[in-house]
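For reference, the chain that follows is the form predicted alone, supplied as C-alpha cells.
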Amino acid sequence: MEVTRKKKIVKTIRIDVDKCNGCRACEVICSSFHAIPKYSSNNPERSRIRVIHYPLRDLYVPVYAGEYVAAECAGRGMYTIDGKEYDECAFCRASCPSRDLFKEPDSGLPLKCDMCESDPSLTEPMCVQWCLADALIYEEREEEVEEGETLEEIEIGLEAMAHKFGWQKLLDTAARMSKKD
C-alpha cells in the first residue's frame, strides 16, 4: 500500500459547552436532514449529533459522531476543565460497543457525521446553522495528511454488521437475498 502526503481541508465542529442550553435543535434538524426523503420525519435516534445531559451539574455537552470503533476503550477517566468535571465518554465521538450513541436504531449500523455535504448549497452543517446559542462553531483548516487506502462506506457497514451478527450469518443472508432477484 502506497502512502502519500497531501494537503486536505479538515472540517470540524468546535463545541462551546458553556453556551449549550440543551435545546436539542441540533438533534432535531440533523435527524430531519438525514431522513429519507429529506425532512420527511424526525427521529433523534438517527441524529449524528447528541446532547449529553448531566443533570446534577446542569451541564449539556453536544457531541457529533466520528469514526466507528469496534473495541471499547479502556479509559473511564474524569477531567476537570474550568472547575467542571467531565467523564471521558462525554467528549468521545466514536460509535462503540459500550454505548448506543451514534447507531442507526433499526439496523444497528454506526452513524458518522457527514457535515451535511450531501447538500452542496449549504455552507456549514445544519446543526451549526440551527444552534441559536452559538455553542456549535463550524471550522475548516488545511492540514497535511498521509493518504493510503481507506475502507469504503459499504465495507465499514459490512464490518459493523459482521461484528454484530457474525460473518456466516451475514453471508447466508446475502446469499438468500441474492436468490430473490
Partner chain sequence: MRYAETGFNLEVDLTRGNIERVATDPELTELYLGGLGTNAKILWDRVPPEVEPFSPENLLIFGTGLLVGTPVIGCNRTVVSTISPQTGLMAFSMMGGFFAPELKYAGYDTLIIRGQSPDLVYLWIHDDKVEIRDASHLKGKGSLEAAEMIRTELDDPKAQIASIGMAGENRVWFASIEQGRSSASRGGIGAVMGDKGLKAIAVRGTNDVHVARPPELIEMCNEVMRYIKHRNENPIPGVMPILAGLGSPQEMAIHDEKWHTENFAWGNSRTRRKGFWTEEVEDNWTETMRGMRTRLVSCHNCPMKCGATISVPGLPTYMMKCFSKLTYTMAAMSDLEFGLRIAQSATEYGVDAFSAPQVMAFALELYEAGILTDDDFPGMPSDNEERFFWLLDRIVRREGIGDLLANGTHWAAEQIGNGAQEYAHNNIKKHEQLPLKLGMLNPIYFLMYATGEKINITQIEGNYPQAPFATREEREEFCKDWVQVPDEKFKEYFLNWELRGEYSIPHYPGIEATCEIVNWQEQMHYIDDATGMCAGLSSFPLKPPYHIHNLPTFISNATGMELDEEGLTQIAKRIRNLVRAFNIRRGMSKEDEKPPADHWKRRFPELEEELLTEYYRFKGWNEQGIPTSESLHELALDYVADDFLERGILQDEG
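Remember, predicted model here, so these are calculated numbers, not experimental data. Numbering follows the first chain given and starts at 1.
There is another form of this protein, the form predicted in complex with the partner chain, and it is not shown here; the text below is about that form.
**Report entry** Option from 65-73, 46-54, 152-160, 108-116 whose residues, in the predicted complex, bring a heavy atom within 4.5 Å of the partner chain
**Finding:** Looking at the other structure, the answer is 46-54.
Query raised in the report: Would you say all of R14, C92 and E140 touch the partner chain in the predicted complex, counting a heavy atom within 4.5 Å as a touch?
Result: Spot residues vs the partner chain: no contact at all.
Query raised in the report: Counting only non-hydrogen atoms and a 4.5 angstroms cut-off, does D172 reach the partner chain in the predicted complex?
Result: D172: no, not in contact with the partner chain in the predicted complex.
**Report entry** E144, heavy atom within 4.5 angstroms of the partner chain in the predicted complex
**Finding:** No.
Requested in this report: Considering only heavy atoms, tell me if N21 and the partner chain come within 4.5 Å of each other in the predicted complex.
Outcome: Yes, contact at 4.5 Å.
**Report entry** 4.5 angstroms heavy atom contact with the partner chain in the predicted complex for L136
**Finding:** Outside the cut-off, so no.
Query raised in the report: Along 27-48, which positions have a non-hydrogen atom within 4.5 Å of the partner chain in the predicted complex?
Result: The stretch 27-48, when checked against the partner chain in the predicted complex, contributes V28, I29, S32, K38, Y39, S40, S41, N42, N43, P44, E45, R46 at the 4.5 Å heavy-atom cut-off.
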